[in-house]
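A lone chain, given as structure tokens: the form predicted on its own.
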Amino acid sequence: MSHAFQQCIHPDCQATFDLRQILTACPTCGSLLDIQYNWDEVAVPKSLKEFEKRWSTRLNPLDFSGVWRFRELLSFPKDEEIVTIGEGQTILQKNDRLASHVGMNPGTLFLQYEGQNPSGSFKDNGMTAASTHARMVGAKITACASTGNTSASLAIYAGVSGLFKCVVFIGSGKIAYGKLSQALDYGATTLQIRGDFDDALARVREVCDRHPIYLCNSVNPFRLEGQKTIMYRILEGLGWEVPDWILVPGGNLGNSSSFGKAFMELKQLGLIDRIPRLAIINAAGASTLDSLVNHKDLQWNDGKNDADLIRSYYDVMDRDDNRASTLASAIEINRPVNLVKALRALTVCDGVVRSVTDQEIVDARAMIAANGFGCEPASGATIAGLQRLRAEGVIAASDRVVCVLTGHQLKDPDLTVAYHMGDPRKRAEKLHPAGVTEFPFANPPIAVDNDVDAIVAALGL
């Protein structure tokens, strides 16, 4: 077997499979899969600091990539098989102004801004890895279900590489036009299913099972290998020091799952001496993980988690037709496919789960933007979650905290404009149905006559 292979995560199975097999679940028991490595056969550096050498060889596209410059830590492809478009050129920003708003000490709050990826979201970290594996297995068609960001990312990789035809499944519920426009612009064949994201994902999985179409949702274990590198870049930005906390929006739980795997491997390899704590923040209208962990006591339990509990929870959702509903469309998901891997990440990282309301999310999003980085609504969940955990005393003012901002603010400009506009009709159309009735950080345009004196007066000069 190669130094890299696919392996079932269930402890009673742990079946292994060749890299060239196209799998999204274990064919033996149906559990999720990991990409695993025989680390003794991988030329892993003795120190993370050694990766800095690639800063001087950035004309090499693999060293320029913020994913593949760490390729020894996700070494499943050969260099010539890698599909890259320059992803991972992201910023870790210390933000003392925002820290003061949320009760943190100066020098303790950092924002990891993934909106600078080519498609404008963190998804590119995973899609470069999934596209690479698709190339390895000779795929001609790639597909995904999406609330927006996944489709945009998959479409841009298909378009730039020219290797694949891209098919996107979206639900008929909320999808931000900023994201949908990308998939359409980049040439994806877009199918709108009469249903929500969970329906779209179920259908695309069925289609990919029956036909030679490569599935690129985060149930694909290669996707998550790429998303590990967000954590490597955070460590890089902190001078290879481990923070106390990582906060990330919930959604389909691919990010949180990959973060847990990243730190588990780094600790195993002796490249870090401790693991940060993880906080996964759900939207209140899509709070499956929060409900199961905090109210049903669902745990990883060394991989022997209570599958019957999960199944019965979903059965009740079906019976009551309980659909996810939140303005944060990127995390509007009720059946997260990486739920079990997220439970593992919570154990590895001594993590917590919280839910925040849409009001808290849009206020936090506006606060983040006013203090440095515009981001998509889902990213606001991290700061809203930080405020909640500070109020509970779970996170101390002196803790060093990194909040992952998952996407660019232009992913959903309609919501941003609705929040800031003074016209209550515009606000009502976009925001009121979700229970957002207050706008403490609104910054509406000022109507002024076409006259210099009027303009000067409006400016208070």
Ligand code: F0G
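In case it trips you up, residue 1 is the first one in the sequence shown, and so on. Predicted model, so just to flag it, every value in this text is computed and none were measured.
Note that the form predicted together with this ligand isn't included here; everything after this is about it.
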Any idea which of 156 to 164, 366 to 374, 92 to 100, 120 to 128 reaches within 4.5 Å of this ligand in the predicted complex, heavy atoms considered? 120 to 128
Does any heavy atom of G351 come within 4.5 Å of a heavy atom of this ligand in the predicted complex? no
Examine F197 and determine whether its closest non-hydrogen atom to this ligand in the predicted complex is within 4.5 angstroms. yes
Quick one: does N220 come within 4.5 Å of this ligand in the predicted complex, counting heavy atoms only? no
Would G250 count as touching this ligand in the predicted complex under a 4.5 Å heavy atom rule? yes
Considering non-hydrogen atoms and a 4.5 Å limit, which listed residue (T142, T132, Q112, T147) is close to this ligand in the predicted complex? T147
In the predicted complex, the residue from G385, G226, G254, G171 that sits within 4.5 Å of this ligand by heavy atoms: G254
Could you list the residues in 280 to 305 that come within 4.5 Å of this ligand in the predicted complex, counting only heavy atoms and keeping sequence order? none
